[in-house]
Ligand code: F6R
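Shown here is one chain on its own, the form predicted alone, set out as C-alpha cells.
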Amino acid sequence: MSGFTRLERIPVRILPDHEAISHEVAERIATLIRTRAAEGRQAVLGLATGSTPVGIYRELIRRHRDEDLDFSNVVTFNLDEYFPMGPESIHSYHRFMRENLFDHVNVPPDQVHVPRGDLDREATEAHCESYEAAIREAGGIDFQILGIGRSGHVGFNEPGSGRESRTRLVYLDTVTRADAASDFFGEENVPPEAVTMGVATILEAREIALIATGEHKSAVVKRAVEGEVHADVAATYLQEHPSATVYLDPAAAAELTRVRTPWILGEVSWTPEREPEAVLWLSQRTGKPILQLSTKDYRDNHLSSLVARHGSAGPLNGEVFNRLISKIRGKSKLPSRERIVVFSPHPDDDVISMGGALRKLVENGNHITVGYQTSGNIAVFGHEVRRYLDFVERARPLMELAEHAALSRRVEAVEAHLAGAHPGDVDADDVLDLKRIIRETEAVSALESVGLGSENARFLDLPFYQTGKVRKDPITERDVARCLDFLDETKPTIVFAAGDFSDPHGTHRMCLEAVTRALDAYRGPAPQLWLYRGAWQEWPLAEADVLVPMSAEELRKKILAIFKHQSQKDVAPFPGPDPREFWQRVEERNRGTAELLRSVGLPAYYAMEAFVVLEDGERLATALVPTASLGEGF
C-alpha cells in the first residue's frame, strides 16, 4: 500500500467510525497508564476539549469503572482555555474536563492542570511561564491528544503560529470564532482570546494522536497531512514529529488523495463502486460529457487500467452513463402505498434534507410517519418564547379566557428567567418545555405544507438530548428503546434516516446510532433503509443510489416548508461552519447536484435530492467507509 500513502507525510489511520477511534486511542492511553504504574512512574497526558475527544474520555471512564483502570498515577495538562473565562462558566474548559472526565476517574486534583482564563492580562503571562515549568517538572508529556480546527489550528495555535511558540495568550482566528459561535449562542459572545500551549510545547510530547471526524474537517485534514509544513496551518508541524499519528473516520478522510483519487498514486482494484467515481472525475477534469470521453482521455489521466478492462472508452462510458441515469427516479419510480418511517434528528431535518421526495411520497399514497428524535429546544432563542407569551396575553380577551393567577405567575417567572439569562445558560424546565412546543408546532406546520398532518408526527424526545446544554449525553438503551417502540408501532417497510455526520455537535451521528441499534433489535421484517443528507453536505453522485429530481416549483415549495420553522429562520442558533440559512444551503446543493448531472452529459433537471439505499443492513456499518483499506498507514 506504499503507493497509496506516498502523498501523506504523517502516518494516518482510517477507522470505521468515531467509536472505533475512541476505543483504539483509549487502549493506547490505558496501556501507557498501566505501564508507567508498573514502572513506579507517572503517566503524563496532554488533553484536548471539544466534541472530538469525548468518546475517548467516555471509554477511559468505562475502563476505570469496569476494568479498574487506576488514574492515581496520572498527571494531566490541557491544551487551552478561553480568555477571559471563569472556571465555573458553562463554556469553561475547566468545567468541560470535570464533567467529561475528572469527576468520573480517580486522578488526584493536584495532578490536574488546565490553563487559567480568569487572571488579568499581566498575571496571565506569568501563569503561562509557570504552566511550561510544570510540564517540565512532570518530565514532559507522554501522550498528547489533539483535535484540528478548520483553520488548521492545534490547541489554539492559529495561522501564523511559529514552530518555537510556547504557552501564551493568543487572539482567535475569525474561522475559529465562527465555529465556536454555536457553543456561545452567537459569534459576538465568543471570547476574542485564549490561552494555549504553543507548537513547540506540543511537539515535545513523546507521542501525539491527532483526531478528526466529519466531512467538514476533510479539506483541512488533507492540507495538514499532504501539504507542505507552513505556519499558516499549525497542524502541518506534526509532520516533523517522530511519533505522531492521525486518526480519521471515513468522512474526515474523504479528501485524501488515496481515498478520493487513488488512481493518481498507482494501480487500484477496480470495483463497480469505484468505476463511476473515476469516470465522473475524468468528465469533470476534462470538461467533457461522459459519452464523449475518449480512450486517450483515460490514458492521459492515470486511468489506462480502467479503460483496458473494457477494451475501449465507449463501452465503459455507456455502462457508467446508464448506471447514473438509472439512479434518477421521478414520482412514478418512487415507492407507492408503502409504510414509511422518516427519522428526523431535529424537527426540521425532514423538510431540509428530503422535502422534495417527501412531498412525492405523500402524493404516491404512502402511509408516512415522521419521528422527530430530539426536541431541538436549545436551538430556540428566548425572544421567540417572549413572542408567543405576548400572543397568549393579547389573545386572552379575544378568546374570552378568564384571568388565572397561577398562569400569570408562571408567565412572570418565565419572563424573569429569560430577562436574567446569559447566552448558553441552561434554561429552566418551563422554558425548555415552551421551546420544545415551539419546535413541535413548527414541525407540524411544515408537515401540513407537504400534505401530512399532526397525526403523522411522533415526537420521540430522546433522552440523550435532554441535557439543556449544547453537549449531549451518550446514546443509551433508553434512546434505542424509544426508536424501537416507534418501529414496533409503525411496522415500516421503508425507513429514512439522516446520514450526514457534519453536524457540528454530533447530534445527527448519535441519532443514526440510535436508529441502527433499534433496527438491529427490531423483530419485524427488515425494512429498506434510505439515508438522506442535505443540512451540511450532499451525497456525491457516485455514492448516491437514488436521485430525486425537482422542478423549480417543487423546490420553491420545499423552501416554503423550511420557512415554517420560524425559530430557525434568519439567524439560526447553531448554523455550523456555513453561516447561511438552511434554505439557502438547500437551494445551492439541490441545484448543484442537478447542475453536476447536466455537466457530465445527463438530462438537465432544475434541482435534485440524493439518497443512499441499504437493503436489510447491507453496507450499514460501512456506508461511509472509503474504498481504501481501513487502518492503512505507513
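Small disclaimer: the values here were computed from a predicted structure and weren't measured. The first residue of the sequence shown is number 1, and the count goes up from there.
Just so it is clear, the following notes concern the form predicted together with fructose -6-phosphate (F6R), a form of the same protein that is not shown.
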Inset, instruction - Please pick, from 360, 217, 258, 533, the one residue with any non-hydrogen atom lying within 4.5 angstroms of fructose -6-phosphate (F6R) in the predicted bound form. - result: 217
Legend entry - Listed residue that, although fructose -6-phosphate (F6R) is not shown, lies within 4.5 Å of it in the predicted bound form (heavy atoms), from 549, 345, 149, 527: 149
Legend entry - fructose -6-phosphate (F6R) in the predicted bound form reached by all of 329, 590 and 593, non-hydrogen atom within 4.5 Å: no
Legend entry - residue 80: touches fructose -6-phosphate (F6R) in the predicted bound form, heavy atom cutoff 4.5 angstroms: yes
Legend entry - Contact flag, residue 94 vs fructose -6-phosphate (F6R) in the predicted bound form, heavy atom cut 4.5 Å: no
Inset, instruction - Spell out, yes or no, whether the shortest heavy atom distance between residue 155 and fructose -6-phosphate (F6R) in the predicted bound form is within 4.5 Å. - result: yes
Legend entry - Touches fructose -6-phosphate (F6R) in the predicted bound form: residue 568 (any heavy atom, 4.5 Å): no
Inset, instruction - Work out which of the listed stretches, 28-36, 50-58, 582-590, 602-610, brings a heavy atom within 4.5 angstroms of fructose -6-phosphate (F6R) in the predicted bound form. - result: 50-58
